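Only one chain is given next, in structure tokens, and it is the form predicted on its own.
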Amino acid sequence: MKLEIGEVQIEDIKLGEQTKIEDGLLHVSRAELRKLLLEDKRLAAVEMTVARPGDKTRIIPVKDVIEPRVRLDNEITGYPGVTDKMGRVGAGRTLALKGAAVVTTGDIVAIQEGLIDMWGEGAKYTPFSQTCNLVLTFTPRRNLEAHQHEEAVREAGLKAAEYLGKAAENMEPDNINTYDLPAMNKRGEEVEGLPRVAYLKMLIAQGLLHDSYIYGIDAKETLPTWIHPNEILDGALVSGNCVAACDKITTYQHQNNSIILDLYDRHGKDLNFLGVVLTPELTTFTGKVRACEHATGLIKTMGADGVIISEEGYGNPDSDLLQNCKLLEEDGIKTVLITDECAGNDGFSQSLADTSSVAKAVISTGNVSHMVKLDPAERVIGNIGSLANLAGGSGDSFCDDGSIVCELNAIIGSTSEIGYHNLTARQY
């Protein structure tokens, strides 16, 4: 399967009368986009604001971040099973608006949404301080049930990203990246003798607004499944979760999964990339056993020599992470685990809720409990008061000078467990 992702570089976003791209400037029609989004009668209003890198702007609470894209040679231009009809993606050409993002916010849906600072100390901890963000602030209809509220905002963000992506459909990209991973039985001499490496991607699937969607299917309703990495890069996997903001894997991060991109970069050089197995992180003991046994069974059937396992969330999912590790290591398959730590404000508490002596290769993406002080913002998009209810925040987070003190827990993408940022930890 061969996928080309063409990059159309966006330097700035401007709200106006017509949606188009000129010399790196993305013009967005307020009226046209508002009309599209408010076709969903669950939404009463939407406000649009542009937040640029370096602006003294705080966005809170953030639901999702999505990269605007358009698929050129496929009948499915949007997100299959969600905003578009069902069909397979991952082949052909897709154009991505690099440097731009859609950020959704509004009334808080659950206590584990988070914030993005576009400047200062907070900007260091989120990758989305470096994108030019079209922020959509939604007001739902009165008495809308929480799951309907979450679904309406999730789908609206995806629709907006699809709408913006279409502005590039007749453009020549600035750069094209090609992802070509043939079937395992059709690979040539370039991979002969190289270690066979698979990627086991764990997905939040716990219900109570902790959800992920594969081709529109709630992951908790699925068994672990093999999927071509191109499908993930091309929009088959979207976020619907309200897990702690620090390790929430947004749709943008799924679209640009750094583990997949790194494995592609090394494929045919020092490893043979076999593909991806998606596995749900469930809440029941039976569900965990079933998912771990089935996921590791798929990996073993693929004939992997080694596996990278990434987690989403912490605490409850730690048991899935370590069980997957043990089942694979006991069969002689080497594992590398990628996880963040919940080690307390001082960093001395037990980092994971579970442990195993066979987990010897563990990459930490940071301590979610690390405290940071964020400077006063000149502009807040959303509701700063929601910080009192966010994971990592509290009523005591607000300082007299307008600054705030919170844990990394509250900052979107700060301890990304697919390595989509720059934090880590080391043992002294």
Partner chain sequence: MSEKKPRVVCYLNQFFGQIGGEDKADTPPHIEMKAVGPAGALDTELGDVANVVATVICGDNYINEKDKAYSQVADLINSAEPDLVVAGPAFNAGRYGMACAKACEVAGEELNIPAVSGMYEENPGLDPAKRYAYIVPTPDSAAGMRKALPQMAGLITKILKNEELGPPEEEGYFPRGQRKTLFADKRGSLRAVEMLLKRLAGEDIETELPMPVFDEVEPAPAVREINKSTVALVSSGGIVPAKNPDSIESASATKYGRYSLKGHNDMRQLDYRSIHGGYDSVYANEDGNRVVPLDVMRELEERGEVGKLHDYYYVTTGTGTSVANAKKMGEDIAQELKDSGVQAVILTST
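Just so you know, these numbers come straight off a predicted model, no measurement behind them. Numbering follows the first chain given and starts at 1.
Below: the form predicted in complex with its partner chain, not depicted.
K.L.:
Is there a non-hydrogen atom of V62 within 4.5 angstroms of a non-hydrogen atom of its partner chain in the model of the complex?
P.N.:
No, V62 stays farther than 4.5 Å from its partner chain in the model of the complex.
K.L.:
State yes or no: in the model of the complex, is some non-hydrogen atom of H147 no more than 4.5 angstroms from a non-hydrogen atom of its partner chain?
P.N.:
Answer yes; at least one heavy atom of H147 falls within 4.5 Å of its partner chain in the model of the complex.
K.L.:
So, in the model of the complex, is K124 in contact with its partner chain at a 4.5 angstroms heavy atom limit?
P.N.:
Answer yes; at least one heavy atom of K124 falls within 4.5 Å of its partner chain in the model of the complex.
K.L.:
Using heavy atoms and a 4.5 Å limit, would one call V197 a contact residue for its partner chain in the model of the complex?
P.N.:
Yes, V197 sits close enough to its partner chain in the model of the complex that at least one of its heavy atoms falls within 4.5 Å.
K.L.:
Just one of 46 to 54, 389 to 397, 25 to 33, 375 to 383 has residues with a heavy atom within 4.5 Å of its partner chain in the model of the complex, so point it out.
P.N.:
Of the options, only 389 to 397 has residues within 4.5 Å of the partner.
K.L.:
Using heavy atoms only and a 4.5 Å cut-off, determine which of P173, G344, G81, G92 is in contact with its partner chain in the model of the complex.
P.N.:
Answer to the contact question: G344.
K.L.:
Looking at N230, T105, N241, T339, which is the one with a non-hydrogen atom within 4.5 Å of its partner chain in the model of the complex?
P.N.:
When its partner chain is considered in the model of the complex, the option within 4.5 Å is T339.
K.L.:
Please state whether every one of the three residues E17, L37 and N133 places a non-hydrogen atom within 4.5 angstroms of its partner chain in the model of the complex.
P.N.:
Checked in the model of the complex: no contact with its partner chain for any of the three.
K.L.:
At a 4.5 angstroms cut-off on non-hydrogen atoms, which residues of 228 to 266 are near its partner chain in the model of the complex? List them in order.
P.N.:
Result: S258, I259, L261, D262, L263, R266.
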